[in-house]
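Here are two versions of the same chain, shown separately as structure tokens and labelled structure 1 and structure 2.
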Structure 1
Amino acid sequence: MRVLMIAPPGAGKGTQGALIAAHFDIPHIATGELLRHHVARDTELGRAVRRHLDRGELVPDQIVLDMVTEAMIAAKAAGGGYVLDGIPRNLSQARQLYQIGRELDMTADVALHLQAGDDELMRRLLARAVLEHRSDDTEDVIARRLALYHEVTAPIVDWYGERGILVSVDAMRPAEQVGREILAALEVMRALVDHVPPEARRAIDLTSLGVAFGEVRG
């Protein structure tokens, strides 16, 4: 199973990514961890990352993609599955990632979209800021992060929807409940991947599933 995750900050992407990885026994490729790992090991890529960070710059897309490519090659050798967390962050990255996947015969089976309202995300992120003593995570800063996320992510979601691999899930519920729904959906998708050609697949929206079954949010 090959899954990439699209989610706003505070939606539980790391938690659900780890759950998916454990359930399917596949590598959890988290770009933030990859960056820290390469810097700590002082690899060639790590030294390039450090130079940009020392200058207060964002790490260029190509460096991140090179790290992900390396991790995907390792995942292929380990069995061919992965859950990718932290990329793509824009449509350009999504297209480049798709080309890398094609070259490695490792394109994603599912683009998992965790949806949550901004009010709930703000509440979660402010609570996390207090818990983790993140004094820089003010309400204004978080609001800008969420606005940027929506601006750059909408085209990505549309693109994966057109490719028929998008699965959208309501992430505004307890993590355990969201996780159960995700795993059930991915098990169904896994059964279809080998039998339904990519051009015949359709995006799946599970965000209203709870409402359909009479679920009431607390």
Structure 2
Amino acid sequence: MRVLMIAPPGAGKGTQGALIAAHFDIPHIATGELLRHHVARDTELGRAVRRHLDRGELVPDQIVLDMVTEAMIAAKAAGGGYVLDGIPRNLSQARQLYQIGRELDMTADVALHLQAGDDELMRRLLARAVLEHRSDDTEDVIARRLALYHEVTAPIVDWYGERGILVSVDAMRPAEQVGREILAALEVMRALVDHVPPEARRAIDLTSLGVAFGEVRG
């Protein structure tokens, strides 16, 4: 199973990425984590990207793409599955990632879109700041990261819809509930990926599933 996630900061990419990785026994490749690790170890790459992370700005595409290519080559050797968390962040990364995937014969089977509103995301990230002390979890920087998400990341969702691999989930609910829904949707997709070409599939929109089952939105 090869999954990439598109989600605003605070929507639960890290949590759900770890769940997907454990469920399918595939590597969880989280670009933000990899970059923070470089910063913590004060590597050359870490020094080159620290300011971008602190300000909530995107690191130059090529740096992230090189890092991810390396991780995907390792994932190929480990069986070929992956869950990508944090990339792509803009259309250029989406296109280049697709090329890299084609060259390695491991393009994504599913683009998982986690949807959540800005007020809830700000609340979650400020709560996380108290626990994790990330340099980019201050109110100003969170606001910048959310704005950047709407400006350059959210538009790529449609691109995956056109490619027939999009699954959208409402991430405003408790993590366990969102996780269960994601795994159920991915199991359905797993049954399709080997038999139905992406062009012949339709996007799956589960964002109003809770409401359809009588859930009251707060």
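For clarity, a rigid core is taken as the largest C-alpha set superposing within 1.5 Å between two forms. Counting starts at 1 and follows the sequence of structure 1. Predicted, not measured: the structure shown is a model, and the values here were computed from it.
- Of the two forms shown, the form predicted together with adenosine monophosphate is structure 2.
- Once the cores line up, the CA of V59 ends up 2 angstroms or more apart between the two structures.
- Superposition on the rigid core between the two structures places the CA atom of E139 2 Å or more away from its counterpart.
- Relative to the superposed core, V130 undergoes a Cα shift of 2 Å or more between the two structures.
- Comparing between the two structures on a rigid core frame, one finds that R50 has its C-alpha moved by 7.0 Å.
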